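Next up: a single chain in structure tokens, the form predicted on its own.
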Amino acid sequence: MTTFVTMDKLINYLLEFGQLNQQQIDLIQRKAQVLELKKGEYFSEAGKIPKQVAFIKEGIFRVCYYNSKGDEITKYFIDENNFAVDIKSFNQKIPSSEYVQAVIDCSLLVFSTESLNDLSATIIQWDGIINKITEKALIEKVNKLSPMLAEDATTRYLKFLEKFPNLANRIPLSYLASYLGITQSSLSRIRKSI
């Protein structure tokens, strides 16, 4: 039962970007594998070539890296009903420079490189659908990152709460502080003052 509900979310998401007939939908459902990740586990790791793409049914991922000082930096979060992959590394088959980690327990639908290639070869409009999804994701990524650079910490936090109200209480403060580019103690002060 849960798998079909999950598949429905995935199929409905794909249908936002193009049309699919029942035979194509059935093929997509056969190619997807269910994967459960526990909090703290990695979906993909820096230094490795990503070999699969995930659709997040439940849970939150964070994309992070280590800077030259060895500090862990959270770049952004990915929540339910979104695809997750280091697209550049996946497409170019090069090692990733980022980690994709489960912030909380996650339930995923995963497509291997081989499955995606099969879907691309079989479903004429597949590449167009994927291109539209990728374009949307890149625009959202820019919108998540760009405004953060010019604002003070309190404004960044308030805008995060405004844009991502469903995430604020589901992610550890240390990850949120890293994303906002501030220390955890600064974030605590900001939260107390609001």
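Here the structure is a predicted model, which is why all the values come from computation and not from measurement. Residue indices: 1-based, along the sequence shown.
Form predicted together with the DNA: not shown, discussed below.
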Location of the DNA contact in the model of the complex, chosen stretch of 165-173, 40-48, 56-64, 130-138 [non-hydrogen atom, 4.5 Å]: 165-173
Distance check, Asp152 to the DNA in the model of the complex, heavy atom within 4.5 Å: yes
The DNA contact at Asn12 in the model of the complex, heavy atom, 4.5 Å: no
Contact of Leu20 with the DNA in the model of the complex (heavy atom, 4.5 Å): no
Close approach of Ile25 to the DNA in the model of the complex, 4.5 Å, heavy atom: no
Contacts with the DNA in the model of the complex, stretch 172-194 (heavy atom within 4.5 Å): Pro172, Leu173, Ser174, Gly181, Ile182, Thr183, Gln184, Ser185, Ser186, Ser188, Arg189, Ile190, Arg191, Lys192
